[in-house]
Ligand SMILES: C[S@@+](CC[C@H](N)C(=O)[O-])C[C@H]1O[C@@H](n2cnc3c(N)ncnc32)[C@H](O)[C@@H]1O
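Listed next as structure tokens is one chain, alone, in the form predicted on its own.
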Amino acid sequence: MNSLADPTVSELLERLHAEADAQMPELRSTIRATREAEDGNDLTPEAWYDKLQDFYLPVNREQGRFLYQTVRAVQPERIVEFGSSFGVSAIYLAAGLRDNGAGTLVGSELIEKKAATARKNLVAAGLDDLADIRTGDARQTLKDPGGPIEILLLDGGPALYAEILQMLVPNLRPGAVVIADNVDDEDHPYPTWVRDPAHGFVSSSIRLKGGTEYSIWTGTTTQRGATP
């Protein structure tokens, strides 16, 4: 079974990807102008979210297929997603759960209108029964994911990745997969942190859009490192 080949799912995904692609020139312009502004380097993750709330910011098609493949391979009972946006990645993840026969996706999105759209898109894909999209600060909404986690997708504000991951470590099953998007900046602290064996992960970069870090939780740490 391959739900990505189901016209209901594939046609919806293609429409959402096309809409996201059409936004790219304006998105790049907005990001550039924000960074060049006087306070651009001092914006909090929440402020960035506010400025980019009308943009999809989704995984691309290749990343989406990779997420689906990972779900099929891992056979997770529970997936957690930080940064659900308009629900594109959630559709790929939930499609994998549907084809596995069971599982739950717990998502978190700061912006209410984005979360509402994500839920609407999951309904349109016929996958809403597999997903719980929570609205608000993920540091609160994901404190209790509802059970052990086998896959964690970090696709929100990259500045919060290590903090979110550390919060959820007690819920990770040994062997759990952690996928972090948009960490291509060589100065970004997250890859350095998660690659430190003391923090309990085996991790490396894979060649997908925006820089993707792929990590496996070993189940143990040798020390408690501070969040970068």
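So that there is no doubt, residue numbering starts at 1 and follows the sequence shown. These numbers come from a predicted model, not from an experiment.
Absent from the display: the form predicted in complex with this ligand. The rest refers to it.
Between this ligand and the residues Ala125, Leu152, Ala94, Ala138, the one pair within 4.5 Å by heavy atoms in the model of the complex involves Ala138. Of the residues Ile179, Leu172, Leu57, Ala162, just one reaches this ligand in the model of the complex with a heavy atom at 4.5 Å or closer; this is Leu57. Residues Tyr49, Ser85 and Val88 are all found to lie within 4.5 Å of this ligand in the model of the complex, as judged by heavy atom distances. The partner is not drawn, yet in the model of the complex one stretch among 71-79, 104-112, 144-152, 125-133 has residues with heavy atoms inside 4.5 Å of this ligand: 104-112.
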